[in-house]
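So this first bit is one chain, no partners, the form predicted on its own, shown in structure tokens.
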Amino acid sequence: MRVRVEQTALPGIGVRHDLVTESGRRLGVVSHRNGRRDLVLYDPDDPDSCQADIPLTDDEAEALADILGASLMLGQLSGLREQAAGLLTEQIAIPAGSRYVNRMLGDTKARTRTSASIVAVLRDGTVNVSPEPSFRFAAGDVVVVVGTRQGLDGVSAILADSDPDG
């Protein structure tokens, strides 16, 4: 099902984005010109009437976006796992002592060495989906890897490697 998002200019205020959920509930986000954001829940009996208006700070809006983005991505990966026999997904933390801290994803050659793919990196509540080979790892990053059990174990070993000589 494709979700339609309606954008409405609010002269002097900002812009409102609304969507209707599969269950028929209408909700929106009002982005004010001054940077303020409000999460808006409309009355199910009167779609033009606001049932709840929740002001969000920048940090709250970012946290909500991260929660929704991460859970959606991981849910999609989980669905993919069910469709593709033998493929697994796993989250692997990069330890502080890893030789790949402050190095680029491409330096790992993880896909070439293991046939497993790093499809996202979670850092400080932010999801970096499909990171480029130039993406630099930091201690504590959590990589989301898709592959066989052997491939996932291989990526885990690569990222845990603290030997600077490889």
Partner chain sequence: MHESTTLLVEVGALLLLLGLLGRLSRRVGLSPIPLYLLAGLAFGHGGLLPLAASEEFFAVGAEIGVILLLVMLGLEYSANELVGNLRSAAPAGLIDGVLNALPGAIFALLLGWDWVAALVLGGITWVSSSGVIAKVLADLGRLGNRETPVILSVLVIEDLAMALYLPLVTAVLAGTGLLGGGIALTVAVATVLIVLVVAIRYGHLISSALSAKDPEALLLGVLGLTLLIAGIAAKLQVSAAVGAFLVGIALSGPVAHHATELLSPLRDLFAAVFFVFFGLVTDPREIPPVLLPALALAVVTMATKTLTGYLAARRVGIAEPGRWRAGLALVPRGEFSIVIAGLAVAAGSVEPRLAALAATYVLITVVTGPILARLPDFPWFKRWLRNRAAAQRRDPVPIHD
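Numbering follows the first chain given and starts at 1. Because the structure is predicted, anything quoted here is derived from the model rather than measured.
Beyond what is shown, the protein has a form predicted together with the partner chain; the following relates to that form.
* Asked: Given that the partner is absent here, does residue 8 sit within 4.5 Å of the partner chain in the predicted complex, heavy atoms only?
  -> Yes, residue 8 sits close enough to the partner chain in the predicted complex that at least one of its heavy atoms falls within 4.5 Å.
* Asked: Should residue 103 be classed as touching the partner chain in the predicted complex when contacts are defined as heavy atoms within 4.5 Å?
  -> No, residue 103 stays farther than 4.5 Å from the partner chain in the predicted complex.
* Determine whether any heavy atom of residue 48 comes within 4.5 Å of a heavy atom of the partner chain in the predicted complex, and answer yes or no. => Output for residue 48 is yes: heavy atoms within 4.5 Å of the partner chain.
* To do: Would you please decide whether residue 60 lies within 4.5 angstroms of the partner chain in the predicted complex, comparing each non-hydrogen atom pair?
  => No - in the predicted complex, heavy atoms of residue 60 and the partner chain never come within 4.5 Å of each other.
* Here the chain is shown alone; which of 40, 65, 127, 56 has a heavy atom within 4.5 Å of the partner chain in the predicted complex? -> Comparing distances to the partner chain in the predicted complex, the residue within 4.5 Å is 40.
* **Interface segment, criterion being heavy atoms within 4.5 Å of the partner chain in the predicted complex, picked from 113-121, 48-56, 95-103, 134-142** => That would be stretch 48-56.
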